[in-house]
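Below, in structure tokens: the form predicted alone, a single chain.
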């Protein structure tokens, strides 16, 4: 059994995904549940939920650690989180949904890293069922986490230090620092929030709320126009094959993408004519972005440095082998690589456009 919660109401503002925050929301709203949030009395909560979503879009990921948010009303702050998730369901845009989940997770992990270790342990144990403990003796100051909890979250992190072979493992427990535990929790929190957004629930929102959501959709549409895809010159996103489109939106959303996925996307974009600066800019959403390293890697794939070989993306068979093939359509059946897909669809699109004139 767990001891009485150490989390205060102020903590619930910082960690609105916790079981304690969920209980708080249930008690606050009573038997009507989340439907009560559509009551006119809760308009400040609706406005805060919209602001929460907008901040997730407008705030650079690298600035989250220094983000200072003023809390005027604890109730409004806590209640705005589940409402924001409902709104993201209705918005139904995978890129912005992933961005929201990542933003909230990064805020939480930044706070957890600066918390008393006992609070970090409580969040990990009570909200996610982690088996995690403080370490005594020669490893005092470290934490140990069950390898299953570790692998579930570290498997998405690309740096060598996260590989299990590079960790100290004892009796099924992996030793980590407090900062590393917070980073692993970030992955857990992101996945948890994303799962809440992805839940298939039929929602009937009242007209005033739907009107707010439509305003939010318009805001997001305008934001999407400013994404790199709009400045690619002759490169057109709508002609991308499903596999490349999926990798591309994952990168823009700050999602962790495998090395082979990044290589394939970069090689594809180079081959269809995107310039180096735009490709480098695309990766600024990545959590481990380093401009110097990224530029060198892009230039290497472009054949501008190193062995001077201009690489091509994987073919369809290799994409399937690496698990990068998703949502095959009728064009996929007729081509053997992503470049052939792009060229076929682009030619067809230009032909249709010409005939329409």
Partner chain sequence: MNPIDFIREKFRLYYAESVNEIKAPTFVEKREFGFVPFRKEKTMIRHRGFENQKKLQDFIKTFVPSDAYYSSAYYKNPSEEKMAEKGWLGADLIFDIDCDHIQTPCKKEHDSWVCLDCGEVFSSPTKKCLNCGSEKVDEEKWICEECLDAAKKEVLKLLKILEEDFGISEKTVGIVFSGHRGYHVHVENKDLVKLEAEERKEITDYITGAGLKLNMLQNLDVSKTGWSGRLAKTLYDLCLKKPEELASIGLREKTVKKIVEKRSQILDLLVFGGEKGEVEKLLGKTVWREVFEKAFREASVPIDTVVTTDIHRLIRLPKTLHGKTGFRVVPLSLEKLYEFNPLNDALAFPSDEKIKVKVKNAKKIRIGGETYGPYKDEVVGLPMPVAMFYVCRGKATPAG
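Keep in mind it's a predicted model, so treat the numbers as computed, not measured. Note that the rigid core is defined as the largest set of C-alphas that superpose within 1.5 Å between two forms. Positions refer to the first chain, counted from 1.
FYI, the form predicted in complex with the partner chain isn't displayed, but the following is about it.
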{"item": "Segment that reaches the partner chain in the model of the complex - one of 87-95, 144-152, 214-222, 109-117, heavy atoms within 4.5 Å", "value": "144-152"}
{"item": "Output flag, 11, 23 and 27 jointly within 4.5 Å of the partner chain in the model of the complex, heavy atom basis", "value": "no"}
{"item": "Residue 172, heavy atom within 4.5 angstroms of the partner chain in the model of the complex", "value": "yes"}
{"item": "Touches the partner chain in the model of the complex: residue 167 (any heavy atom, 4.5 Å)", "value": "yes"}
{"item": "Partner proximity in the model of the complex: residue 317 to the partner chain, non-hydrogen atom cutoff 4.5 Å", "value": "no"}
{"item": "is_contact(residue 156, the partner chain) in the model of the complex, heavy atom dist at most 4.5 Å", "value": "yes"}
{"item": "Of 199, 160, 72, 136, the one that lies within 4.5 Å of the partner chain in the model of the complex (heavy atoms)", "value": "160"}
{"item": "Is_shifted residue 53 between this form and the one not shown (CA, 2 Å cut-off, rigid core)", "value": "no"}
{"item": "Core fit, then residue 321 C-alpha moves 2 Å or more between this form and the one not shown", "value": "yes"}
{"item": "Exceeds or equals 2 Å, Cα of residue 67 between this form and the one not shown, core fit", "value": "no"}
{"item": "Closer or farther: C-alpha pair residue 326/residue 149 in the model of the complex, relative to this form, given a change of 3 Å or more", "value": "closer"}
